[in-house]
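This document opens with one chain alone, in C-alpha cells, the form predicted on its own.
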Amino acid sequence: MSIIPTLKKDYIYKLAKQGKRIDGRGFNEYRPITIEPGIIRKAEGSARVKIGNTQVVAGVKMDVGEPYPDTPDSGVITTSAELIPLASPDFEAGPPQEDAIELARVVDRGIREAEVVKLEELCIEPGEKIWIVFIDIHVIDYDGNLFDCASLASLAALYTAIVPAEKFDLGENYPLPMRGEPPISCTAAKFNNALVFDPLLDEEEVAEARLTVATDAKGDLHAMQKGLSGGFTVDEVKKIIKGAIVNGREIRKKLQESIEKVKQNDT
C-alpha cells in the first residue's frame, strides 16, 4: 500500500472514532439524490440518477422472444451493467468485469425478488411468445455506492417504461405493468467499527465489509448482498436493516415524485 492511501485510511479511521465523516455527513445520511426519468427518447424507459457525484444512466428496451421452458406464460427480465473507463480510472474497456457482473446481479435480484414487474402480464402466447425486458446500466461517474444509484435508475426507468406493442403489430403501446411501491436498496459500509450509509469512494476503498439491503414500503426485506472480506455482527446487521428502512422511505418518496412528474407530462 502506498503512503497516500495509508494516510487517507488513517484520516478516515480517525474521523470515524470521532463520529464524523470526510464530507461532514452523519453515519446514516445520504448525499443529495437527483432522479431524472425519460432522458433517452429511443428507449422504452430510461433514467439518470445522481447520488452526490456518482452518476448512473439506466435504459429499458423490450423485444419479443420465446419463454423459458419452466415459465411458459411469463415474461423475462435480463440485466447488464457497463463500467466505462470514463467513469473511473479503475474501470477497463472490454468484456464485463467481475464488478460489473456483481452490480447487474444485485440490481436484478432486488427487482426480481420484489416482483415489481408483472411478468405474468408480459405473456403474448403461452409457450410461444413473451416480452423480454432488457435493463442496461451505464455508470457515467463513480464516487461510491454504485449499487443504490444503479438500482434507483433501473426502477425509475422501469416505472416509466412503455411496452412497444405497435412496433411488433401487437396493438397499442401501453405502460409496462408494474406493482405498487418499489423496493429500495440501501448500502452501508463498515470500517473501524463504524457503519456508514451511502459510502463515498474513499470510504469504500478502506471498508472492511459492505451490505446492501432492499426493503419495501412495509419494511419487509426483499434482497441482501454482502460484499468484501470482512464480516458483520448480528447487531450490526439489524442496525443496517433499520437504517435501510428509514432511508428507503425517503428515497422512495423521491422516486415516486419523479415518476408522477413523467406521468403528468404524458397526459
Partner chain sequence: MKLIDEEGRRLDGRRFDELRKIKIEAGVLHRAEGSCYLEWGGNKVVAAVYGPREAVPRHTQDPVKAVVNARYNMAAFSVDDRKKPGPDRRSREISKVTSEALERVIITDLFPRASIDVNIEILDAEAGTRCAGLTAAAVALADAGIPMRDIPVACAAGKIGAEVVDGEVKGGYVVLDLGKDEDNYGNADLPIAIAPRTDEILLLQMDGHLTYEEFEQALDLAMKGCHIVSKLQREALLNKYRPDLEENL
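If you're wondering where the values come from, they're calculated on a predicted model, not measured in any experiment. Positions refer to the first chain, counted from 1.
The same protein also has a form predicted together with the partner chain, omitted here; what follows describes it.
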*Out of 108-116, 169-177, 122-130, 148-156, where are the residues with a heavy atom within 4.5 Å of the partner chain in the predicted complex?*
108-116
*Taking the partner chain in the predicted complex as the reference, which of Val196, Val163, Val76, Ala104 has a non-hydrogen atom within 4.5 Å?*
Ala104
_Can you tell me if Leu228 lies within 4.5 angstroms of the partner chain in the predicted complex, counting non-hydrogen atoms only?_
yes
*Do Gln55 and the partner chain share at least one heavy atom pair within 4.5 Å in the predicted complex?*
yes
_I'd like to know whether Gly59 contacts the partner chain in the predicted complex, with contact meaning heavy atoms within 4.5 angstroms._
yes
*Ile35 near the partner chain in the predicted complex, any heavy atom under 4.5 Å?*
no
*Select from 223-253 the residues with a non-hydrogen atom within 4.5 Å of the partner chain in the predicted complex and write them out in sequence order.*
Ala223, Met224, Gln225, Lys226, Gly227, Leu228, Ser229, Gly230, Gly231, Phe232, Thr233, Val234, Val237, Lys238, Ile241, Lys242
